[in-house]
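Okay, so here's just one chain, in structure tokens, the form predicted alone.
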């Protein structure tokens, strides 16, 4: 049985109910986070909390939400679930309004939804990705629940036999539909610089620190999408997937030599140590 916490009340997710006038349901008016709870520890909790606060501020909702209460409820939910490893979903919407109106309601009563699902972190081997135009909106630094464009891109990638799609705007790499993107080239680790066009990923943040500690030259720079086939390796990262090597581009382009270099395995091992570290 999967448990959730809806506005402070813990119970089975199958019994949770929201108003059909909830602005998250009507407009996608809300933000979210996905956290990894591994070996009894919620990983990078403060980084997720900081990013959530920035998302709430960006949509004018921070003053109506107590993050202390939200994260206290998350701890209560985890305790009730008994899960040692879980995927934690956290969503905050502007809540229900008296009528459907694009404008913010005068009185805001946010809906806070938390869910803890059984999950075991795994290490993925070499994967294929596709290249697609970035059809999403222009404020992807906000972790918005309005994900229809991401859904369409991910479905297209799945039908093509790819784990994800590497996205570009005017020929420049932004990120993947559910992940940040990196390129290994000539001993350096490259990734697009943070901007409104991509999410400041938590795993991205950790990987940049780990790569620097491993001796990589870490460069945040614009990356041309047509550079990807000539890379030594492409990598995507997220809290639930971890570090994923991309060795092939759909339909038939091989990246580098088509295998995972030893230096990636070294970085992967360093990340796994952080993921499973005990405080």
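Just so we're clear, the structure is a prediction, and the values are computed from it rather than from any experiment. Numbering follows the first chain given and starts at 1.
Not pictured, yet referred to below: the form predicted together with a small molecule.
J.: With the cut-off set at 4.5 Å between non-hydrogen atoms, does residue 43 touch the small molecule in the predicted bound form?
T.: Contact check for residue 43: no, nothing within 4.5 Å of the small molecule in the predicted bound form.
J.: I'd like to know whether residue 136 contacts the small molecule in the predicted bound form, with contact meaning heavy atoms within 4.5 angstroms.
T.: Judged by the heavy-atom cut-off of 4.5 Å, residue 136 is in contact with the small molecule in the predicted bound form.
J.: Report whether the minimum heavy atom distance between residue 143 and the small molecule in the predicted bound form is within 4.5 Å.
T.: Residue 143: contacts the small molecule in the predicted bound form.
J.: Decide whether residue 199 counts as a contact residue for the small molecule in the predicted bound form under a heavy atom distance cut-off of 4.5 Å.
T.: Flag for residue 199 set to yes.
J.: Select, from the options 234 to 242, 247 to 255, 56 to 64, 216 to 224, the stretch whose residues sit within 4.5 angstroms of the small molecule in the predicted bound form by heavy atom distance.
T.: Correct option: 234 to 242.
J.: Considering non-hydrogen atoms and a 4.5 Å limit, which listed residue (127, 178, 185, 111) is close to the small molecule in the predicted bound form?
T.: That would be 178.
J.: State yes only if every one of 168, 191 and 228 has a non-hydrogen atom within 4.5 Å of the small molecule in the predicted bound form; otherwise state no.
T.: No: no residue has a heavy atom within 4.5 Å of the partner.
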